[in-house]
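Only one chain is shown below, in C-alpha cells, and it's the form predicted alone.
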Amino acid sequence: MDKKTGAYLCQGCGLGDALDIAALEKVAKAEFKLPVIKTHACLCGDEGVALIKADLEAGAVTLPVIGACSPRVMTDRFQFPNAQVLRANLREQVIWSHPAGDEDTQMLAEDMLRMAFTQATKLNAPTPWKEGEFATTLLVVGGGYAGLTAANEAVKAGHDVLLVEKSAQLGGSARGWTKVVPSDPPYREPQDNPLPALVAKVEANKAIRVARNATVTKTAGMPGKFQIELSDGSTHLVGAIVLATGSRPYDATKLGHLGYGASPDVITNVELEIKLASGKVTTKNGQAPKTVAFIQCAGSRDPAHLPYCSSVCCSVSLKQAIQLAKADPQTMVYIVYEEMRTPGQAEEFYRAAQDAGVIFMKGKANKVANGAGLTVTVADELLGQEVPLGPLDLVVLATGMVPNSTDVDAPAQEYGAELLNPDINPYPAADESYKPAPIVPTGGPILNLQYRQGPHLPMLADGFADSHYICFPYETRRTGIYACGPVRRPMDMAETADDARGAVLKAIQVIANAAEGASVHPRVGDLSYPKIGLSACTKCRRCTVECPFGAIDETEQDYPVVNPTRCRRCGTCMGACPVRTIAFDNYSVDMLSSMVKAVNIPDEFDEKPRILVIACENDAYPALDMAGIARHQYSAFVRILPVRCLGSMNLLLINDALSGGYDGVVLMGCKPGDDYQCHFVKGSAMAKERLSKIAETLKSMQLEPERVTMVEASIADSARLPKVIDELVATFDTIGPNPFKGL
C-alpha cells in the first residue's frame, strides 16, 4: 500500500495563540506537498480523533503526522488500528518552553514539523519476525524455595514447567530449617518452614517435569525458541528461563579474626540452624550453652570480604536468638550489631526478641579470643571504647549471602564483566573509569549460553546478575532469562516468593511478545528488529561486541546474525556500524540524518545559531518535556532529535550535522558507568567512547572539538537542563559560527 502522509495541527493548549498556524500549514503544503492538511481546536478530543480516524478509514491518509503535544502523552488517544502515527512536539518543547508569538519560537515549530514530515518519508511499517513455532514451556533452574515457587506459579498461570535441580532432592538450602522469619501477622513468632508443603505440591503436579541430578549443559536460541540440553542427555524447547539458583553462605574460614576455626564453639548461623533443626544445640563439651553471642555483619559490609549488606542476617539472628531464649529462659543471648536492619513488619520481630530477653549491644566485634571461655572484643559505640564480652559458651557468626551466579562445583573461569574475551574488542573504552572491574566467578557457567559474548550471564561486581535494578529488576542482560531470589539480591523467604512470582510474570510476558514478534521493555511492543546488509558488512564485529544484550552472534564466516527476540531495539548496533549497514524498518541512520538535514539553517549574518541536541528518549527527552510543563525557558536555537538510546548515535550523524552548518552538537543522555541509569545498560557509555574519537575528525574538518559535547541527564533534571542548554548556546556563540554554513 502506498504511503500517504497527512498533517494534523492542533490549536489547543495555547498552540493557536502562540504560533502562526497558517505558516505551519504552508510548510506542510509548499515544502512537503502533503495531500491532507487539517487543523482542529482540540485534536485529542473526540472530534479531533474522529477527524483523523475518518481519513484513515477512507484511505486518504496512511501515516498521520500530528503537530500537537509530546509523543509521551495522549498515546491512547492517538493510537489507530494498523496505522503508524508520528508526533511533532509543538507544545512541551516549543510554546511551553519559549516565548509565545516570537519569531524564533515560530521557526522552531516549523523546524519540528519539517523533522517529523521528513521522518515520515523514511518510515516503513515494521514487519515482525514470526518464523516457526514458539514454545510456551518455562525452564526453571534451581529447585530451592525460589525455583519451587516459580514453578508452582507458572503452572497456575497455564504454562508447563521444566524444573532442573542439580542435587537428588528438592528444597535447596532451606530444606533443613525448622522455623523461618515470620511473614504473617503479628510478626512476632518464628513460623513453620513452608518448604515441605511446597515440595509436595510441585512433585504432585503433572505439568511440572522435574529433572533431578541434572544441570544445563547448553542453552542456544532466543526467547520463544531456547534450545536446552541437560546433563542427562535430554533436549528441550522452552520459551523463557527463570534462574533461581539461590545463594550460599560466605566462606567463614576467611574470618579467622572472629575465631572461626580456632574453636568449635565459634560457628556460623547456618551451622546453628542445623543444630536447631536437630533439636539439640550443644557446645564442644556436650552441654547446652548458657551464654551465646551473635556477631552481625561477619564479613559483610567489609571491603575485604563482602562489600554489601546481606539484608536478612539481622532477622535470621533474631529468629535464632528467640529460639534459644525460649528453649531455655536462663540462657543469656547477646546480639552485637553495627546497625540492626529490620524494616517494615520485621520491627515487630525485633521487639519480640527484646521481650524474650535478648540483649543488644551496638558496636563492632573486632576480635574473638579463646581462653577459659570465648571472649568477644567489641568497639562499643555508646561507651566509645573497647569492651570485652565474655566468657561465652557459643559465638555465632552471621555470615552473608553469596549468590550462586555460577556452578560452584565447576572449574572457575576468568572473564570480563562485558565480554568473555575482552582482548578481541575492536572498540576499546577511551575512559577506563567506565569499564566494569573484571570478575572472577567461583565456578563454571550455569546455563552454558551459546552466545557470542560468552556462556555466563553478565554479572555485577558483587556477582549478582546484572539488571536495570531501578526500572527492570528481574530482567538480566540476556533477554528472556530472569533471575529471582537470592541469586538476584539478598532476600528472605517471603521476599523470595514475591520475587519468584515477579520473574514468572516477566517470563510469561516475553513468551507472549516473542510469539508476536514484539520486544519487551523498555520498548514494549516494538515490532521492528535490526536488519543487516551483509553485502556492505566489513566483519568488524562492533555490533556483536557492543550489543548490551548479546543479541547478535556470528556465523562461521564471521558475519553477524541477529537473534530477533533477544533484541531490545535500542539501536546500539546501528550506532556501532561504521558503514551504516544496520537499520530497523522504522529507525535508521539515514532517517536520523535526514531529519537533521531537514532543519533550516540561517546564514551567519542572521546571528541565529543552530544547535543539535541528540536526546535519549528515556531520560533526557522526558526531562525536557517536564521543563516545558514547568514553563522553564531555554534557547530557541536548539533543535531536539530524540533517539532510542545514545548508543544508537552513529558518528556519521555528527559529521552530517556539522557539515550541514549546525554550530554545535550536544549528546544528552543517561549517566554511564557501573551504577548506570541507561535503560539499555551501556548505550550512553558507548556514546561517550565514540565521542572521544571524534576529535581527529573535527580537526580534519578544521572545526573546534568544543563544538561537540555530552551532557548527563536524568529524568529528574527538568529544572537543570534549561540552564545547561543556555550555557552551551553561549559557549557555541563564543566559538563563533560554523564555517560550513551555506555550503
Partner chain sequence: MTAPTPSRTYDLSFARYVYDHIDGGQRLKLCMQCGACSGSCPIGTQMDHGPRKLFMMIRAGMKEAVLTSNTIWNCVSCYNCVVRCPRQVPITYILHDLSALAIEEGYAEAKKADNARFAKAFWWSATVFGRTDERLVTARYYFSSGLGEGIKKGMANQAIALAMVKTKRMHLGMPHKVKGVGELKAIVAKAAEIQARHGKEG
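These figures come from a predicted structure and were not determined experimentally. Numbering follows the first chain given and starts at 1.
Keep in mind the form predicted together with its partner chain is missing from the figure; the text below concerns it.
**Student:** Spot the stretch among 110-118, 635-643, 567-575, 328-336 with residues whose non-hydrogen atoms come within 4.5 Å of its partner chain in the predicted complex.
**Tutor:** Looking at the other structure, the answer is 328-336.
**Student:** Wondering, does F134 line up within 4.5 Å of its partner chain in the predicted complex on heavy atoms?
**Tutor:** Because no heavy atom of F134 falls inside 4.5 Å of its partner chain in the predicted complex, the answer is no.
**Student:** Taking 4.5 angstroms as the cut-off for heavy atoms, does M591 touch its partner chain in the predicted complex?
**Tutor:** Answer no; every heavy atom of M591 is more than 4.5 Å from its partner chain in the predicted complex.
**Student:** Using the partner position in the predicted complex, report whether K280 sits within 4.5 Å of its partner chain, counting heavy atoms only.
**Tutor:** So K280 does not count as contacting its partner chain.
**Student:** Would D553 count as a contact of its partner chain in the predicted complex, using a 4.5 angstroms cut-off between non-hydrogen atoms?
**Tutor:** Residue-level check for D553: no, no contact with its partner chain.
**Student:** Pick from D558, E347, D603, D104: which residue has any heavy atom within 4.5 angstroms of its partner chain in the predicted complex?
**Tutor:** Exactly one listed residue reaches within 4.5 Å, namely E347.
**Student:** Of these, G176, P391, P196, P99, which has a heavy atom no more than 4.5 Å from its partner chain in the predicted complex?
**Tutor:** That would be P391.
**Student:** Taking its partner chain in the predicted complex, which residues along 360-384 bring a heavy atom to within 4.5 Å of it?
**Tutor:** Going through 360-384 in order - heavy atoms within 4.5 Å of its partner chain in the predicted complex - the hits are F360, M361, D380, L382, L383.
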